[in-house]
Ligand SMILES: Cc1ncc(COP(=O)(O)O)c(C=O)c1O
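In the block that follows, a single chain appears as structure tokens, in the form predicted on its own.
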């Protein structure tokens, strides 16, 4: 056993430190890297989606032609070229933006942290989907907001519940955080009707919409629903290259109105001064080398085939007590087991069988998700998906059998 480490600085930390929570997806990364584990945990792009030769050429071009710029500080808001690139990608989603309306960030994750810094005080009310992206929940948590979680359904946020909450409030929430396209973790897509409704509600009740869209290009059917930000200027739109090009570049962006961007710029100066000049220039060169449309067609096909492989395996191996979402894009399937099991407790048993997932509770701000799990199909091969789901199903079936032997069989009234 290792030596126990005593934290002698415990009394010196800020109160905020004690509010920080570890991310289950981050904790599982070291496990997922083990060659003997089939991991459905991390939302990592498929290895075959990364064009190594194009990256090699992009880096060579930067070193040959732009090394002096690449190894220096850059503007806090990002290079104009990078912001132009972000605008081109947003145009594909239906948004017409100017580079001066964009700030480059170290992935969309930094964008979430900066937004929390400029909007949240202790006790500020915000609304999130339930379940929601754990990285966003952790970014918000340290600022001690009052978080109202609204369950989602196949078509997105439950609008009736959303309206009821808004009507009860004398002061509207600061913002609502949404992932409309192929949501992380549930894989659901917010309908066009609901997007328009949320946009109209933002005007009526004067709250901000944080629209996080890292997966929009990954539609299996090649179509994108218009973003919420198209229907209101009360929105902040977040984009990223992580899922469509490479997470290692750490390039995301914020598109918002100038007053908001001014505050974001100040917060970013205190966070990192500027995003990586090298990463930005490599991304610019990379995208000038590849055929982007062909690249998107390729990765859509990759993820579509992997999703189909997982759904087929779920249908074959998972017990009748299980149900799951049917994503039309993205990286994730949300599975729920209608039985007396706890997916947090079950994780160690799954890891013993050399398969990993993320327990559903990780994606709730407080309580929820104990019978659910996020399954990512993006990184494993179809063969690994089939094998991993078979192993995971065996663990689930064992736990269901154990729970029935302990609790017995109950009908809906609770009678044995």
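Numbering follows the first chain given and starts at 1. Only a predicted model underlies this, so the values are computations on that prediction, with no experimental measurement involved.
Below: the form predicted together with the ligand, not depicted.
Although the partner is absent here, residue 214 is a contact residue: one of its heavy atoms lies within 4.5 angstroms of the ligand in the predicted complex.
The closest heavy atom approach of residue 334 to the ligand in the predicted complex falls outside 4.5 Å. Although the partner is absent here, residue 177 lies within 4.5 Å of the ligand in the predicted complex, judged by heavy atoms. In the predicted complex, the ligand sits within 4.5 Å of a heavy atom belonging to residue 240.
For the three marked residues, 112, 184 and 250, a heavy atom of each sits within 4.5 Å of the ligand in the predicted complex. Only one of 283, 108, 228, 218 comes within 4.5 Å of the ligand in the predicted complex through a heavy atom, and that residue is 108. Contact with the ligand in the predicted complex, defined as a heavy atom within 4.5 Å, holds for exactly one of 133, 207, 119, 162, namely 133. The candidate stretches are 100-108, 320-328, 274-282, 120-128, and the one lying within 4.5 Å of the ligand in the predicted complex by heavy atoms is 100-108.
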